[in-house]
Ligand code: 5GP
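One chain is shown next in structure tokens, namely the form predicted alone.
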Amino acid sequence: MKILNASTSISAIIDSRKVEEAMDAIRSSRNIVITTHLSPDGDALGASLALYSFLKRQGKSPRIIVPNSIPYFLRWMEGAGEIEVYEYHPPAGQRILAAADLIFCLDYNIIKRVGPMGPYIENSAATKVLIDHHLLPGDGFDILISHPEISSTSELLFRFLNQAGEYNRLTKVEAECIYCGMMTDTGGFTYNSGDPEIYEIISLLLRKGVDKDDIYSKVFHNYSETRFRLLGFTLSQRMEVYPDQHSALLHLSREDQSHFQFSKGDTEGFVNYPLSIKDIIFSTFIRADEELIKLSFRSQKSFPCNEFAAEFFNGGGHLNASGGEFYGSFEEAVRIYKEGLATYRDKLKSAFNEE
């Protein structure tokens, strides 16, 4: 099924009944809250801020609440200054969630991924709308818009708005936020971006006045000096290469980060660097976060890094880009990774040798 909108055809992949149900919920709700996962990234924030702007145009007074702080290089998006951070004042966040009659859950598949906000979302009587592109969505959502085959939640939000007939009214601000989310969640369209319709959507966003080069510069040319020093340290002192498994590991402990005045987002993109090494097709980055261990995985060819993430680190994602998390010690996470690497030795060799 195709729909014709703004002189192009974009597949109507979302069940039309779910689109209408979500739009009806927007029209009938007074207190709308937008939520994202822990350590919100460009996709989570891009989708949230685009939806925030759209809801304001509908005469609503939405609020965005995120579990913890946002990266400094994403704060240029309009509306970022209105985001409320739960960890700064939990009682206020709890009141916001308790008063909601509609909660949007963006870019996470299970409520556990919002950390300490989770129980208050679960206990809320609000209608809960999930818009997400991760595998295996969990329970607790009233309207489920889940499409793991889509590159990003921001792309999925565009498709939702497009199917709702809203493209022609989409603003430049909304288009910028959606583009930023799509760009960051595909590594600048270098992975999970083989679907031709992604570029049709980009064309539609550019027609709204989006300056893609300016957005790229704001995100990728806006890092701090300490980030580069941390990157140099990580590559020189905290990288392990496993030639027989065509794999590489980067890892940073809390102590390592403390030596470089670590700020949220400073390690964005680190996981991609080892893939530039000859014969490496699987890269992993393990970083100790505040309450858990965060893992990022990238791969090339047909190696399923999402399968690896799901089996060992309660994660998932796309074939060549995924993430995971681990609740335990940093050392234990590294140990489990190395054991998993041995388990996947044959799959790694097979993927490396494919034509």
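The term rigid core refers to the maximal set of C-alpha atoms that superpose within 1.5 Å between the two forms. When you see a residue number, it is the position in the sequence shown, counting from 1. This structure is a prediction, so every number in the text was calculated from the model and none was measured.
This next part talks about the form predicted together with the named molecule, which is not shown.
Contact annotation: H134 falls within 4.5 Å of the named molecule in the predicted complex, judged by heavy atom distances. The closest non-hydrogen atom of R227 lies beyond 4.5 Å of the named molecule in the predicted complex. In the predicted complex, the named molecule lies within 4.5 Å of some heavy atom of R298. Although the partner is absent from this view, E325 contacts the named molecule in the predicted complex, with a non-hydrogen atom inside 4.5 angstroms.
Site annotation in the predicted complex: the residue of I286, A321, I65, I70 reaching within 4.5 Å of the named molecule with a heavy atom is A321. Only one of the listed residues (K128, R113, R238, K264) places a non-hydrogen atom within 4.5 angstroms of the named molecule in the predicted complex, and that residue is R113. Fitting the two forms on the rigid core leaves the C-alpha of P67 displaced by under 2 angstroms between this form and the one not shown. Put the two forms on the same core and the Cα of L38 is off by less than 2 Å between this form and the one not shown.
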